[in-house]
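The chain that follows stands alone, in the form predicted on its own, written as structure tokens.
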């Protein structure tokens, strides 16, 4: 680790060379080399090996162990990575599949193709670390499956995206896992019924009150997916990114570390997959171990969800109460569902749904289990009469077409991402929206009024109801949305 990170307030320790560690016997997070102060010449920087140990956390973590792991994850999220850490990728692109560049560059930062930041918290910081970002933190993403190597902001080559906040992210991933499991069961039961009855069986893909369309199972084992809606054909709900294309926090972290910082995770860019110990050719091997990624995931997964506040101002209180009622009347809640039920708060890392390039449960002896119920904020979550946790996300984890012929402001991308239509986006969770202006997938709407009026397609009915309402009612709805904040 570089001297800058080593001596930062968050990384202080009594150990002379500071081997960053969190859990004795469970986790030893390390980089292959560290830049440290020379004992004889404290103004000089020297390189010292700090070990190659990598032990991922495993099994059910106790409260003390979990909190220590979370602290390590926050340190990694806050760290300003430097060249001695491995920051930069002179011979690699930002593509999610390890890809060599066509034109090598040694520059530390490149605003468009990246690396474009020194720390995760450089962009995720509004209103606090882990939060969203202003327009200035926008990033540029391409399809990235073959060769993402561009240096222009022309929309024909890249899509510009805003920074989403990460609060409540662990709850979103747990919801997505349960929903994916429900959809898989529905498909399996339909296939079994079709085989027994020797006739096609059509079923609705319904989970947690959200319909993902229909599938028809055939007696020969084939499945007709033409009526599937808002989810990939594999029926895996992917809760992250504006397009709903990231399965897990682990996948998101591995992708982002390479794209934004040029820090490569060994589980995707290491010798096992690329046959090169230093794929990006920056002279630093094994830049992020599997244990490093585990710590990052633990911190993100345990971030408290946003809350609904009670304003001190009496007029705001009254307006927000009216706006909460109008939220349902305007049919905003048809997509922005106020809550979804969750059966379990046990977060397993790695999970079961990630594919090659991200470690999953089949590649470890035992995944780590983080019991979110150990965290103080979990005690404040409401439950239904079945004992299920009601996650107040104001979303549905489903993709929707957001444009039509007359309202198309949200259809300004020219490239599809992971085969998702250009004007199709995941429903944005509204929890925290009072803290995360500006709005839209490109951060180019400055007010809530503007982004509501930009809703076409699946959001058109709610948008029109809002537009037809009197100014006082519209103001009341805004007053309610502004009570959904990140503390």
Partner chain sequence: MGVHFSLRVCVPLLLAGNNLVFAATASDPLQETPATAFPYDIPHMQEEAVAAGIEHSYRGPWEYFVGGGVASFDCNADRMPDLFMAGGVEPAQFFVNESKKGGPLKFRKIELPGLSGRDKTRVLGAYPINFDNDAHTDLVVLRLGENLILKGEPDCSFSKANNELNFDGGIDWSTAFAATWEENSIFPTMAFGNYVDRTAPGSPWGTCAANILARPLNAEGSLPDYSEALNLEPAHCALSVLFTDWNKSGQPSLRVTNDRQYYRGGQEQLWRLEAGRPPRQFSSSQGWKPLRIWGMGIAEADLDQDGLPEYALSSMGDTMLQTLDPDADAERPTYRDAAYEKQMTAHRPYTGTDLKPSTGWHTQFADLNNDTHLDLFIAKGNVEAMPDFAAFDPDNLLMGDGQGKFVENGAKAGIALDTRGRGAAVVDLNADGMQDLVVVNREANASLFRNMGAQTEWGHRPMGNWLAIELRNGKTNVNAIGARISIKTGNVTQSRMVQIGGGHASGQLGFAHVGLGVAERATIRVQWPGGDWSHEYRVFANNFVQLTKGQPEALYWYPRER
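All figures in this text were calculated on a predicted structure; none of them were measured in a lab. Numbering follows the first chain given and starts at 1.
From this point on, the text means the form predicted in complex with its partner chain, which you will not see here.
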Check: Among 124 to 132, 89 to 97, 171 to 179, 308 to 316, which stretch sits within 4.5 Å of its partner chain in the model of the complex, heavy atoms only?
Finding: 89 to 97
Next item on the list: Report yes if any heavy atom of residue 214 sits within 4.5 Å of a heavy atom of its partner chain in the model of the complex; otherwise report no.
Entry: no
Note to self: Can you work out whether residue 376 and its partner chain are in contact in the model of the complex, taking contact to mean some heavy atom pair no more than 4.5 Å apart?
What the structure shows: no
Check: Is residue 233 close enough to touch its partner chain in the model of the complex, meaning at least one heavy atom pair within 4.5 Å?
Finding: yes
Margin query: Can you tell me whether residue 191 touches its partner chain? I mean in the model of the complex, with a 4.5 angstroms heavy atom cut-off.
Written below: yes
Margin query: Check for me: heavy atom within 4.5 Å of its partner chain in the model of the complex, for each of 80, 250 and 346, yes or no.
Written below: no
Check: Between the options 107, 406, 362, 283, which residue brings a heavy atom to within 4.5 Å of its partner chain in the model of the complex?
Finding: 362
Item checked: The single option of 381, 203, 369, 271 touching its partner chain in the model of the complex, heavy atom within 4.5 Å -> 271
Notebook entry, point to check: Considering only 206 to 241, what residues come within 4.5 Å of its partner chain in the model of the complex, judged by heavy atoms?
Noted result: 219, 220, 221, 222, 223, 224, 225, 226, 232, 233, 234, 238
